[in-house]
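Form predicted on its own, single chain, as structure tokens, below.
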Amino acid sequence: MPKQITTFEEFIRHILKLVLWVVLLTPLFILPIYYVFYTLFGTSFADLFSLTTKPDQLMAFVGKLMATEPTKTLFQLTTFPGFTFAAIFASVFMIWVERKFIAKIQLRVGPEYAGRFEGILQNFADLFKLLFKEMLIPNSVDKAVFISIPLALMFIAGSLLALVPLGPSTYIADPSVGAVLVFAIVSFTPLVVMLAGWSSNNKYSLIGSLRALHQMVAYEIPMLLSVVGVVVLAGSLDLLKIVYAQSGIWFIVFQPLGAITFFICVLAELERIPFDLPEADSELVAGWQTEYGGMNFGIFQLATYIKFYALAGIFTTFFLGGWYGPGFLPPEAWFILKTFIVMLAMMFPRAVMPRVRLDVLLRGGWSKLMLLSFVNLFIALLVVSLGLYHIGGL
């Protein structure tokens, strides 16, 4: 507990301490930010403040600002198609859609009271509850690792977002080996989950993290192999070129086994029913997340749904032609619509399927899905070698 201020002298001492920190931090952070801003945009904070009384000059400055490369990149990272859009779409809108969608299938009502229409504000109510909830950290945990795990999962989800192309010019990064980077980033998740269970110093958390580790490793290899056929057909590891190669026909036509394998592996990667064994609420409380509460748990949920959106977008990129669609909607709208449909398909098993046993789960990943991915690769090689497909169509 922080020390309470009970006397006037303690209050003055506290104020002076705050002033001291401001004096120390100003040359370290505020002045460098000021000079970077002035170097990039040629305008000081004082000049910018004076523009608030001149609307026409302010709008001209904003237009000039948005045209600069640093501002454009910052907008893409923070707003669209980056973090803000993904957070709102995935963790606000899609959670509400999932609750209502599953409720309708199971003949329930779902969220109803928060908001005038179908409980649409329920997610905001949950967010405020988590924001104002006390974050209790057990004394026995490894605090440095324990606290950093939610942020690490958020970084993984954000890194995946950077690779998802919403349109021919709407993307954050376009590396020449984007398909490889997707799996390189995803492969960090088992390590982070294992560290979460270990740092919690709780046997239930450790059991949950071990189950997650076995599950993710078993399904990440078939997921990687399921995309090799797509790379063979497109002739490139660049995600944009993979989408351009589908301008005539989508790869799901030639790679249905690959699409099915990738779809199932994404469910296992996200620990969604029927592969939610690491969390298994009725047996393990919450698996490797057991000791996390308050906004730490909220960050877990946000990172999970952002990753959910990113992997659904990557499925759209690999198998559903990315942003291609009829011309009455912009490319970005088609991409978001396809990703929304893929996310609905991934939500459906949660409404109708039971949880599978661990041995069935592992056997399915190491044998059945591995076999499917190799058959899918053989089909891709056969199609290319027989000359049945050229980039862009039949």
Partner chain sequence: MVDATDAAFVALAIVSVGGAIAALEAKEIIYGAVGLAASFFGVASLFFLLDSPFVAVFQITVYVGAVAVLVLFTVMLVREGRWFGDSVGPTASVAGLITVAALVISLVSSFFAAGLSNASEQASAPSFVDIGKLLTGQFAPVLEILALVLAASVLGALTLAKVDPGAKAQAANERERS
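Positions refer to the first chain, counted from 1. Quantities reported herein were computed from a predicted structural model and do not represent experimental measurements.
The protein also exists as the form predicted together with the partner chain; that form is not presented, and the subsequent description refers to it.
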Quiz item: Based on heavy atom distances of at most 4.5 Å to the partner chain in the model of the complex, which listed stretch, 158-166, 311-319, 126-134, 236-244, is the contact stretch?
Solution: 236-244
Practice problem: Although the partner chain is absent from this view, report whether residue 113 comes within 4.5 Å of it in the model of the complex, heavy atoms only. | Solution: no
Quiz item: How about residue 84: is it within 4.5 Å of the partner chain in the model of the complex, going by heavy atoms?
Solution: no
Quiz prompt | Touches the partner chain in the model of the complex: residue 174 (any heavy atom, 4.5 Å) | solution = no
Quiz item: Does the partner chain come within 4.5 Å of any heavy atom of residue 145 in the model of the complex?
Solution: yes
Quiz item: Which pick from 299, 206, 92, 260 sits with a heavy atom within 4.5 Å of the partner chain in the model of the complex?
Solution: 206
Self-check item: in the model of the complex, the one of 151, 109, 191, 97 near the partner chain [non-hydrogen atom within 4.5 angstroms]
Solution: 191
